[in-house]
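There is one chain below, alone, in structure tokens, taken in the form predicted on its own.
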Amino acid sequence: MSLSDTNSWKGIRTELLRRIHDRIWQPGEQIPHEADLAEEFGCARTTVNRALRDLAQSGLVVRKRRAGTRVALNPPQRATLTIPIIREEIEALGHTYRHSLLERDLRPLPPVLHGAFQVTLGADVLFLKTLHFADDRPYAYEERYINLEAAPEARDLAFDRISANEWLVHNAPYTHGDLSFFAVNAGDNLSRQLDAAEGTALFAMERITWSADLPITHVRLIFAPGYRMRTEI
């Protein structure tokens, strides 16, 4: 890699990553100081710092104040999950997809979500309830809040022809997110929406996505009985 390829923090990160993967720097070994790397790459020290911070967040290096930066002895093995488009997920199973918009409303964010989904206080968010179907059978029930500061075009969309799930994947790119999985028991509402007996254990997930520090959407998805999540590692 030439010096011209490393004039950005991403270019420097790529080169540092190559040295780690090629074992030029061994696990546990201390790597050169920021000032030395900045001189080598002909860039500002802050640019090197940004690249090292990214590697540290990935768990590939360990940084300690006054002790320098070392290659991690046991870097984490991580699976990367993408946000699926539910329509494509259903069609890939050989079923016909449709969705029904049950509710659409502009409202303040519920106080219970303020800690996790930090939108501007007092600002309205777009709230949607959607039921997704596979061959006219309930597939997933969705409750979603959209931050209109992050996706202002959503204010004028009905979401009756395209689901919010699909529209956001295409129009509101995210940088990172938070995902949790859990089980819920079907109460009166969920048993009706998902055609499940009351008390049935249902697979559920909550997801929040951000663009840098700006939250985009908070969604809770609850799936009909028999749903199984599959992914690759």
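What we label the rigid core is the largest C-alpha set whose atoms superpose within 1.5 Å from one form to the other. From 1 onward, residues are counted along the sequence shown. All figures in this text were calculated on a predicted structure; none of them were measured in a lab.
Another form, the form predicted in complex with the DNA, is not on view; read the next lines as being about it.
TODO: Check whether residue 175 has any heavy atom within 4.5 Å of a heavy atom of the DNA in the model of the complex, and answer yes or no.
DONE: Heavy-atom contact with the DNA at 4.5 Å: absent for residue 175.
Open item on the list: Residue-level question: is residue 192 within 4.5 Å of the DNA in the model of the complex, judged on heavy atoms?
Closed with: Flag for residue 192 set to no.
Open item on the list: Is residue 26 part of the interface with the DNA in the model of the complex - any heavy atom within 4.5 Å?
Closed with: Output for residue 26 is no: heavy atoms all beyond 4.5 Å of the DNA.
Open item on the list: Is residue 9 near the DNA? Define near as a heavy atom within 4.5 Å, in the model of the complex.
Closed with: Yes, residue 9 is a contact residue.
Open item on the list: Looking at 194-202, 61-69, 161-169, 178-186, which stretch has residues with any non-hydrogen atom within 4.5 Å of the DNA in the model of the complex?
Closed with: It is the stretch 61-69.
Task: Site check 33, 42 and 46: each within 4.5 Å of the DNA in the model of the complex by heavy atom - done: Yes, all three are in contact.
Open item on the list: Taking 2 Å as the cut-off, check whether the CA of residue 220 shifts that much or more between this form and the one not shown after a rigid core fit.
Closed with: The answer is no, as the C-alpha of residue 220 shifts between this form and the one not shown by less than 2 Å after core alignment.
- [ ] Align both forms on the core first, then report whether residue 34 has a C-alpha shift of 2 Å or more between this form and the one not shown.
- [x] Yes: residue 34 shifts by at least 2 Å between this form and the one not shown.
Task: Rigid core fit then residue 207 CA moved by 2 Å or more between this form and the one not shown - done: No, the C-alpha moves less than 2 Å.
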